[in-house]
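In structure tokens, one chain follows: the form predicted on its own.
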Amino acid sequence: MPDVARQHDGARQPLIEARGLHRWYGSGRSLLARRPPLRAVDGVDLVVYPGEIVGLIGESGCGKSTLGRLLVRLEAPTAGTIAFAGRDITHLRGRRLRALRRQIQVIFQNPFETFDPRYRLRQALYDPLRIHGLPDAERRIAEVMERAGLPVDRYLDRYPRELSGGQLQRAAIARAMLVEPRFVVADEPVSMLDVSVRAEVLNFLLDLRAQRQTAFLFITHDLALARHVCDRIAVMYLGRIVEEGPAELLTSAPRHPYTRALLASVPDPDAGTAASPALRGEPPSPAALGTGCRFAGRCPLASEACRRVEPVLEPAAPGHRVACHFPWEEQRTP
């Protein structure tokens, strides 16, 4: 857990602010009937403040990566708004969108999406500096590569195929940081790294936050890692945020049954406890969502009311919001 607690009293302006954000895919008609849309992101409100690291966790397919791509405008939302430093960027295009790219960057989970295999790292790293007209390219590249554990004399003239997955991921992180962005979506940024290297890269990101007030949306499956790195954590399930709050509070006193289940699946070596069994059942398809709470079919607390009425994300404590009809109930064993 970072040593600086973020207090949001309304006096500070969010760096990124999403309101009512939706991203639906594939609506239309088949030969026989209307085809329902796949609701990957379905009504998300989220803010990230300067210098803050917000963790975004949830199972695969819950919409985390789609939300990240929306926030950096790699995709356009179906509905809703996105503001950056108070400026609406929802419909930016062309030259204005390109100008925004220096301030907003993304680190993909798969580093092979970052680099053109035809070019050496040298060109991949010089290009963004040239595009944005930034000086001292050699110094910038040497510094950021050194911090990423990739000395330029050994790696700068290699092709992407000549690096391991972990080395290429570190190069992708270095490339994103070269232009000194203000906001970064980091999509599983250390999932391909060895444990020994992971700590170095995480410290690199934390240093950037401290030195430049860089803000991060840190997408991860690793709740233990999110608890250690993030200021706040947002829990996503089937396109919606179901719980959000300070990392320490959310992991010590979770209110949503889904968050509790995710926490129970993380072993605690200090306490000598093993992980509990995985969540029961499978989540429904985002293209086949009915009424009521989306987690009701897997929830040990679900009632008939849960299956009829979808809960709203509401305050449970200062800075802590939860979307559940029974946020104060203890979870029963199914």
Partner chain sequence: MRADTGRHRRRPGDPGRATDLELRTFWRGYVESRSGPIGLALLAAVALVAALAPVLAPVRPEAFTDALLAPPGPGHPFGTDHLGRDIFSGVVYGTRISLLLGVVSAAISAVVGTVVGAVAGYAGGWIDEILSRLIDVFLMIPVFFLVLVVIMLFGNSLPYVMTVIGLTIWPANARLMRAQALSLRERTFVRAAVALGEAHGRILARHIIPHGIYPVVANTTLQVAGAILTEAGLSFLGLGDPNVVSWGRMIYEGRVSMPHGWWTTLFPGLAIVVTVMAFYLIGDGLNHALNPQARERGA
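Think of the rigid core as the biggest set of C-alphas that the two forms share within 1.5 Å after superposition. Remember, it's a predicted structure, so these values are computed and weren't measured experimentally. Numbering follows the first chain given and starts at 1.
Not pictured, yet referred to below: the form predicted in complex with its partner chain.
Looking at Q105, you'd find a heavy atom of it within 4.5 angstroms of its partner chain in the model of the complex.
Its partner chain is not shown here, but in the model of the complex it comes within 4.5 Å of a heavy atom of R101. Among heavy atoms of G149, none comes within 4.5 Å of its partner chain in the model of the complex. Proximity of R212 to its partner chain in the model of the complex falls outside the 4.5 Å heavy atom cutoff. Checked against its partner chain in the model of the complex, the residues D157, D88, D116, E138 give one hit for a heavy atom within 4.5 Å, which is D116. Along 117-139, a non-hydrogen atom within 4.5 Å of its partner chain in the model of the complex is carried by P117, R118, Y119, Q123, D127, P128, R130, I131, H132, in order along the sequence. A movement of the C-alpha atom of R161 reaching 2 angstroms or beyond is seen between the shown form and the other one when the two forms are aligned on their rigid core. Core-superposed comparison between the shown form and the other one: CA of R98 displaced by less than 2 Å. In the model of the complex, the CA atoms of E113 and P77 move apart by 3 angstroms or more relative to this form.
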